[in-house]
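Next up: just one chain, as structure tokens, the form predicted alone.
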């Protein structure tokens, strides 16, 4: 009988607040070390914490998108322990009354929908950041007091694929709800995995792998650790509870410490923070503020005729998806093609966000309308894209300035097609006899005759329609 893997995952996610959880220090990443830390963050004697209402609001929204039950009356607790990155010698958290509990996240594993159950979700403050070198350890208190939510699953994950699918789904939910930027590379989303193996219904010895650096590495760490445990058991060794880390370069987990005894954090209610009570009115108000989530957008995009590949590209680029969400009464398929084509190429090249450009709602609506009506071609757009993105000029002004004027009269285009077909009877015959390559030549001749003044799509559709009629007469 093979060993069964059982995994529980703990995820710490930084909340997108302006200020820290219990102090007015700014919650910013990448600033000069210790430039966003005050006496509350540094644990000076006599200072008092003040709860950041914005953090509570984001935590409530997180509980809602994670399908959690919301605790309406809660308190904070002190988690007492000594460590250099914790100047107060305690961390303020929610040990006994987590704000969310009994939730779930759905994953799609090759067409099979599975719910990953969430045990609880609680709010807590982050510690400072330790920077280690051979000679010394430096502390950056910019991170101290940053608001976190810790999301703890039940031990219901049994494969590395389920784990990575869960983390991808979790990241997408929190990102699209504007709860966190979920940048794992910056530490705003950090993952720990508790892994055990067993041949029976009972769970095996739990081994914790901490601070795994990417979603992909979570899957690799789980597979490696399960194999390592199996090899030790098969050798007759007894596993002990321990904490390990995953070394991505070595592709293996490394021992950090053995858990000889259980941790005694001496939790007790935080005496400087009163109980919090949430009303139904407050909870419902926050629910209405949650933006349209990714799965709802996916469905809308697919119904609009956008290809599955382009739908996933849009969802992967939240800035473009958010921009698309602001547009009403517009052809979403044409718009998506523009956003994911030359516009995205421009944004990548210039390192800009779409909101930093001159592409207003009015301008892109006019652009899409003119493309759909054949007033301009995609080639025209390629020639205009820089001016469209960087100037306040209208599409009409740019067309006039560049001397672009496309023919939209179908009768004119049909006359050109008749001329081309008459002058190229052999090529037409080849096409009618199954040589598909002949179409490209004929299309090229039509565009040549028009001197580029007709919309290629319109010309191509009319050419195919004419050839189809000729074929039906044979």
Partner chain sequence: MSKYLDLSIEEIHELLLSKKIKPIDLVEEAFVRINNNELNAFITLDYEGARKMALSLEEEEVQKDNLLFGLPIAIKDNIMVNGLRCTCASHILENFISIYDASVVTLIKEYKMIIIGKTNMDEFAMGSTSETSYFKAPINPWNPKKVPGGSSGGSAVCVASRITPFALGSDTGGSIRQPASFTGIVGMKPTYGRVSRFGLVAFASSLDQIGPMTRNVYENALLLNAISKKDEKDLTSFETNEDFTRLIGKNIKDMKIAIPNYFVSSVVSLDVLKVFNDTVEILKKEGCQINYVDINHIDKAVVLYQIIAMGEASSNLARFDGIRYGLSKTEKSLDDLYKKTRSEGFGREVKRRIMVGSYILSGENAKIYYNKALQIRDDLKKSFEKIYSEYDLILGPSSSRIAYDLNNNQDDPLRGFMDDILVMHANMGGFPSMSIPMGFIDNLPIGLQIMGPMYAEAKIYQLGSYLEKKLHLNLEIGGSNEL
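Small disclaimer: the values here were computed from a predicted structure and weren't measured. Numbering follows the first chain given and starts at 1.
The same protein also has a form predicted together with the partner chain, omitted here; what follows describes it.
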{"query": "Which of 315 to 323, 388 to 396, 84 to 92, 175 to 183 lines the interface with the partner chain in the model of the complex (heavy atom within 4.5 Å)", "finding": "84 to 92"}
{"query": "Non-hydrogen atom contact residue 268 with the partner chain in the model of the complex at 4.5 angstroms", "finding": "yes"}
{"query": "4.5 Å heavy atom contact, residue 244 to the partner chain in the model of the complex", "finding": "no"}
{"query": "Partner proximity in the model of the complex: residue 50 to the partner chain, non-hydrogen atom cutoff 4.5 Å", "finding": "yes"}
{"query": "Partner proximity in the model of the complex: residue 439 to the partner chain, non-hydrogen atom cutoff 4.5 Å", "finding": "no"}
{"query": "Every residue of 39, 78 and 273 near the partner chain in the model of the complex, heavy atom within 4.5 Å", "finding": "yes"}
{"query": "One residue of 264, 362, 281, 109 in contact with the partner chain, assessed in the model of the complex (non-hydrogen atom, 4.5 angstroms)", "finding": "264"}
{"query": "Option touching the partner chain, based on a heavy atom within 4.5 Å in the model of the complex, out of 306, 139, 338, 286", "finding": "139"}
{"query": "Contact set, 149 to 186 vs the partner chain in the model of the complex - heavy atom within 4.5 angstroms", "finding": "none"}
